[in-house]
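Next up: just one chain, as structure tokens, the form predicted on its own.
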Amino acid sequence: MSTGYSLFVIFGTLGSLLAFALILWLNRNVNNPGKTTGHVYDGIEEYDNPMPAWWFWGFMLSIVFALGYLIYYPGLGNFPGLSGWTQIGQLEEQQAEAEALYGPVFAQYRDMPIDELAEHQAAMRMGRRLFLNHCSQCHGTAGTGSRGYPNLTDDHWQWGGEAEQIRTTISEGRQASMPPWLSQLREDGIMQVTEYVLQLAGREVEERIANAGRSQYEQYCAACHGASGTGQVALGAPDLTDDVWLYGGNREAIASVIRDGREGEMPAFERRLGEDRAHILSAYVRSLTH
């Protein structure tokens, strides 16, 4: 945090502890011990007696403890504390302990081919837990996906559905990029190309508009999606001739993608999971289709 904010935290914290201590100290004595203050409620009179010594000194000791805690642990702005403790350090220590304990369990499947591993029930139970922890937030608990996130249970794979292709996607991630074409096509061109894309998918279209969009498709789109619209796995360019649409398959949704483009990212998980867990997770994802 910035120096100014750090000083604000330090002075605010220490100032609050000092204020609490002063309030306690200044109120440890009373003016008229053994006499009432004149306050009566429901027949109960309030006496002007001092607070019990055990309560006063217990509270003061809690303030002393708080000061010691803030000196030993990082609780005062940018001051790191005398112990050197950090939450990241503790996390890494716990992760190292977990790896030492569970690493051999995952390592036993390291040399098993993905397709063979996908048939191994114990490994797939591990894979399901990994999937639920790391993948279900986007792809759903059953792997059926949602708008913008692919369905992993069908036979349509933007980056390829072979075992090693799935492993590469999980381990290294993917970056898809569909550039916006509004400045080149204008709105009329967007409408025409949309109609031609729908024609490639076998939809009913207005032939005149679709024919007008064909030349523009060949100029701007065919390089990635292919002249026939079947896509290219190497580029992550989707097949436009099927009925699978990541961002929706109606005219408005298709036109929106052509007009504004899309930037889709699949994060890399091997560094987070490690090679052995990524291997098991790849087999589980493979099993969702097969």
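Worth saying up front: this structure is predicted, and the values here are computed from it rather than measured. Residue numbers run from 1 along the displayed sequence.
Quick note: we don't show the form predicted together with heme C, though the next part is all about it.
Heme C in the predicted complex comes within 4.5 Å of no heavy atom belonging to G15. Residue contact with heme C in the predicted complex: P179 places a heavy atom within 4.5 Å of it. Interface residue remark: Y220 is counted as part of the site for heme C in the predicted complex, having a heavy atom within 4.5 Å. When heme C is considered in the predicted complex, E265 lines it closely, a heavy atom lying within 4.5 Å. Shown without its partner, this chain lists A118, L185, M126, A210 as candidates; in the predicted complex, only L185 has a non-hydrogen atom within 4.5 angstroms of heme C. The stretch from 202-210, 156-164, 68-76, 98-106 that comes within 4.5 Å of heme C in the predicted complex, counting heavy atoms only, is 156-164.
Residues of 115-144 that come within 4.5 Å of heme C in the predicted complex, judged by any heavy atom, are F131, H134, C135, Q137, C138, H139 in sequence order.
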